[in-house]
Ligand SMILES: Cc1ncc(COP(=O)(O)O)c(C=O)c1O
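For reference, the chain that follows is the form predicted alone, supplied as C-alpha cells.
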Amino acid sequence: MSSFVQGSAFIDEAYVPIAEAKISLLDWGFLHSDATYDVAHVRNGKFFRLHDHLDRFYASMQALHLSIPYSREELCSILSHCVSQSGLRHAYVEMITTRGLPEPGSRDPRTCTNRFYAFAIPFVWIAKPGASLEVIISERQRIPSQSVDPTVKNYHWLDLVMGQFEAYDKNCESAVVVNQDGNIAEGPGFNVFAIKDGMLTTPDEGVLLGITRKTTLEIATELGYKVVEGKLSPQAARAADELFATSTAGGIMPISKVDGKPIAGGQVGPITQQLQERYWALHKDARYTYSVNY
C-alpha cells in the first residue's frame, strides 16, 4: 500500500506522506494563529472553482503582509501533485501561509520568513450527501470584523469551537454564532441561507465570503430567485420556510432543525433541493473545473 494513501503534503519543497508532515513548534502560525489558508476540493478527479480559491488566497496573503515564492501556475501544480500522489479522486485540499519564524531574539514580524504548506487528504464532510444538519443559534458573538477581517480566511476559531461545544451540550451537531448586533453571522466553516416566500437571505456582515456561498448566489439568481445579502435575525431563521448551510466541506446542506424545532417539517425543502442538484451538476462543467493529472 502506498505511504501516501491517507494523503500527501508539500513542505520545504518536498512531498511527504501526510503522517510525516511536520512544522516548527516556533512557527508563528502555530504560536499566534498568524496565518491564512484556503481549502479547495476535488470531486471525481477535478478541482471545483480552484481559481476562485486562489484569488481569495492571494488576496488574503496581501491583506496580512504575507507572501510565497510561487506563481499561480506553480501553486496549481503543487496542489494538483498533492492530489495525484495520494491517488485520491475525492479530496480536501488545503494551502497555508504562515508568518514563519522571526530572526533569533526578535519579536518583529517583519523579520519573519513566511512559510508555505499544502496538503491533500480524503474529503472532509460537514454533512454527507443525503444528510441534514441540526443546529442551535448560540448567543456567543463572532469576533468583530473591526478586530479580525472575516473575509480574510483565518484560524481565529475559538468562538466557533465554543459554539460547537454549546451545541454538543444540547445534543446537537453544530452551532451558528451571532454578530455584535445579535444577528446571525456564520457557523464553523459554513455560511447560512434562509428562504422565506421564495426569497433567499444570507448574512453579509461578519462572515467569510465563501466560494460555495458565491456559487449559491449565482445559481439562485440564474434560477430567478430574489436574493438578499443582508441581516438575518435568529427569529427570521427560526421562521424560515427552508434553511441551509454552504461550505466547501459539503456543498449546499439542508438544516432540518434549529434549537430542536424542525424547519420545513424536518425535510429537505424544494428550493434547497433544486439548488443542491444544480450545485453538484456544475462539478461537471468545464468552466468551473481543473483536472488533476494522475
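Sequential numbering from 1, following the sequence displayed. All of these numbers come straight from a predicted model, not from anything done at the bench.
Missing here is the form predicted together with the named molecule; even so, the following discussion is about that form.
Only one of the listed residues (I78, M199, L208, V124) places a non-hydrogen atom within 4.5 angstroms of the named molecule in the predicted bound form, and that residue is L208. Taking the partner from the other structure, the named molecule in the predicted bound form has no heavy atom within 4.5 Å of any heavy atom of T36.
Taking the partner from elsewhere, T248 is found to have a heavy atom lying within 4.5 Å of the named molecule in the predicted bound form. In the predicted bound form, K153 approaches the named molecule with a heavy atom inside 4.5 Å. Within 4.5 Å of some heavy atom of the named molecule in the predicted bound form lies at least one heavy atom of N191. Per the 4.5 Å heavy atom criterion, the named molecule in the predicted bound form is contacted by stretch 156-164, the sole one of 156-164, 100-108, 131-139, 115-123. In the predicted bound form, Y37, H53, R56 are the residues of 19-57 with at least one heavy atom within 4.5 Å of the named molecule, listed from first to last.
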